[in-house]
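The chain that follows stands alone, in the form predicted on its own, written as structure tokens.
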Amino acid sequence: MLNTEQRLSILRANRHLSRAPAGVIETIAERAEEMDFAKGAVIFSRQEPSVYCYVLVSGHISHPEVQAAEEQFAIARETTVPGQLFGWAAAVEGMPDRIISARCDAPTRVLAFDGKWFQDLCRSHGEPGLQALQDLVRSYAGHERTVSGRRGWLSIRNVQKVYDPFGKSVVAVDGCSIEVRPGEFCAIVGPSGCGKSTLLNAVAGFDTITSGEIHLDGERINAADMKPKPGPDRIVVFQHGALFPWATVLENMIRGPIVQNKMSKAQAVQRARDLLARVGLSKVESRYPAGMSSGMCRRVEIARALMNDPRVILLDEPFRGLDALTKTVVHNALLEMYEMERRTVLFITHDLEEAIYLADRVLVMTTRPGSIKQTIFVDLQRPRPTELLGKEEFLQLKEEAIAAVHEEAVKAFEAGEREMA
């Protein structure tokens, strides 16, 4: 067994852990579990749930899915140096499944610690701990893109947005950091005026930010020193709709890919008809938006968003104002398309039930200036039947969200009263 000094020496050899604030490595050294594995043992397999992170003490680990060394992301085909960290998917918020396996090519000893516990430990050390955790997560983002080829990792890094109406600065968003994994459905809720739509507009490229950065798959798409631009890699579905009223459903669907020279007209028509068929809209391709219900228009808009092959779909309260029955139909259509395509989705809503029913993770924002107050993990089965809305586990998540948002809504009301006084 290793003594405390030996453990500390191994942990400090890791370049990610060594950047953590004072106290983090010491706590890991105290809590980590020492594990031994025989030659040929599989520590974890691809697609298993991520629970533990591992630091190599001695031995030889191979990762068959990694075809080549990726030095820029500190990823290699093998883990052979004491202090190397592997299995770090467990340190990524949302506890994703493993995307590679870890096999022992020699008798191996490791230090193991729970990934969720590690996340909480870093956050308990304030901004320095959060920064260390985010650095690790961003390295993992590059790893996931390289190994699995998945797109759509959205990284919002310490973003601030200050508006200046009539010469008086108004801080809408401050110190907001979010990591959204490829293929994740992430919802943001909070009181009115908390900065939800401000944040979405910054991601979409419609608005500038005062400080911080926003990255998509490692590419900087918004920062204080640049003028952002919207792009087909980020498609927005708005509350009031954006279908061209003078065009039929099919014409609305095919316009984007043809204008961008992504598809020929024949290819676009075929793709559009396939998408419409999957959500039960084959019979409306010749109709105009004015001749359809609001719910049907929303379904067309979501299908149209997929036509452009976006990396991220941004939904800005697209179902607000729909009646309960129509909203249920549209929710199920969105879930069906999400299961079909698994694109990254960032969803802004006031409806807590809607957020929990649709998302993998619900982020609760504080009142202005907006930042992330609480994360609610929605560990519910997919695909999600409508009956789930009455299940005890769903109602418990809803109560948790209501409590968090109510507290911020009270603060927002009190702040408004003070501003009017």
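Numbering starts at 1 and runs along the sequence shown. Just so it is clear, the model here is predicted, and its values are computed rather than measured.
Unshown form predicted in complex with ligand ADP; subsequent notes refer to it.
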* Looking at ligand ADP in the model of the complex, is some heavy atom of each of 306, 310 and 344 within 4.5 Å of it? -> no
* Structure fact -> Counting only non-hydrogen atoms, the one stretch of 272-280, 248-256, 169-177, 225-233 within 4.5 angstroms of ligand ADP in the model of the complex is 169-177
* Which pick from 111, 186, 203, 194 sits with a heavy atom within 4.5 Å of ligand ADP in the model of the complex? -> 194
* Answer with yes or no whether residue 238 is in contact with ligand ADP in the model of the complex, where contact means some heavy atom within 4.5 Å. => no
* To do: Check whether residue 198 has any heavy atom within 4.5 Å of a heavy atom of ligand ADP in the model of the complex, and answer yes or no.
  => yes
* To do: Answer for residue 244 alone: is it within 4.5 Å of ligand ADP in the model of the complex, judged on heavy atom distances?
  => no
* For the stretch 355-369, which residues lie within 4.5 Å of ligand ADP in the model of the complex by non-hydrogen atom distance? -> 368
